[in-house]
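Take a look at this one chain, the form predicted alone, written out in structure tokens.
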Amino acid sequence: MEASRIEIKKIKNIMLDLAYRSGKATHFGGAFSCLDFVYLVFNEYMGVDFKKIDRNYFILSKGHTVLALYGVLNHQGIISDEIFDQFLRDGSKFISHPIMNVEIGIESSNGSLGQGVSMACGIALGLKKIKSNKKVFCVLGDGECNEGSVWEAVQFATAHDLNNLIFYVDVNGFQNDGTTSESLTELPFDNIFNAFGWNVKTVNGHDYEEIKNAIENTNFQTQKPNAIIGKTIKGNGISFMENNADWHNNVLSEKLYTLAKLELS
């Protein structure tokens, strides 16, 4: 547990440095809330040969949190420092939403919310057709679940027995302009996924071992798709970002950058 916390702090520092150097507005809040899960998946379940067909896959459906994915891919040595430093530069394809580049672990282009979940379902179905035992991990946000396409994909997964599919719902209680309860209403995700016929587990989304146990103890012998509901904190680990919708997308001043770095030291 302590080792994972140290590595998460390292990645958060990488993310802060990258965003500060860019001088541009960056989606910090959701990236910091889903980071633990993204790191765990790449640390435990992903290889580095992304050209193979028969392998585990990772889809970041909440694409605006790509800073977390960039940070993990750089930390794992998959994205070089040279590519990494192109973040938000003019003409760069390394921007605030993912652009597919499978060679460096970016599986899909995502900007429109609800898009990645359908792709994840398609990949999971394809793996079943080639009789693979590999898994598809897909991260989506609680605000993203206001999109009807999310629930179409959930129904599709049930209908096609996609037991090789793992949705991770990052429930931080916020979206672009406020809390999820202000937008529509907070959804009882465990009950909803259960009603669709999914296996469901709820975890502390900032507890490495708890997330890992939820994956390892999943019975993939059933024909049900799998949902992990991660209870998280938007902007986790940075005091002025936590549970603050202003940091859904914002620019770091030198003063705040210094404060954030101090809190992660």
Partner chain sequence: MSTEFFTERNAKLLGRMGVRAALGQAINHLAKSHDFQVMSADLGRSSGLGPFINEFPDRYIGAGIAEQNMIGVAAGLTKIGLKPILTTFAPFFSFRSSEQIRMNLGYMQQPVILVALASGVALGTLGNSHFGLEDVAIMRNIPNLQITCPTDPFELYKVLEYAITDDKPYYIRLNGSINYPIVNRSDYNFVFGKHILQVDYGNDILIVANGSQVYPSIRNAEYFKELGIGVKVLNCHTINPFDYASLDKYIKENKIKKVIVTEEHSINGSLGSILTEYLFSNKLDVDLEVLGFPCSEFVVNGSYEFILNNYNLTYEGIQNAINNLIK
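Values in this document were obtained by computation on a predicted structure and should not be read as measured data. Numbering follows the first chain given and starts at 1.
We do not show the form predicted in complex with its partner chain, though everything after this point is about it.
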Worksheet item: Is there a heavy atom of residue 48 no more than 4.5 Å from a heavy atom of its partner chain in the predicted bound form?
Response: no
Worksheet item: Hey, in the predicted bound form, is residue 88 touching its partner chain, heavy atoms inside 4.5 Å?
Response: no
Discussion item. Since only the chain is shown here, I'm wondering whether residue 179 would be in contact with its partner chain in the predicted bound form (any heavy atom pair within 4.5 Å).
Written reply: no
Item to complete: Check whether residue 165 has any heavy atom within 4.5 Å of a heavy atom of its partner chain in the predicted bound form, and answer yes or no.
Response: no
Worksheet item: Heavy atom within 4.5 Å of its partner chain in the predicted bound form: which of 83, 125, 187, 195?
Response: 125
Worksheet item: With the partner left out here, if you bring back its partner chain in the predicted bound form, are 102, 156 and 160 all within 4.5 Å of it by some heavy atom?
Response: yes
Discussion item. Please pick out the stretch from 170-178, 137-145, 116-124, 74-82 that is in contact with its partner chain in the predicted bound form, where contact means heavy atoms within 4.5 Å.
Written reply: 116-124
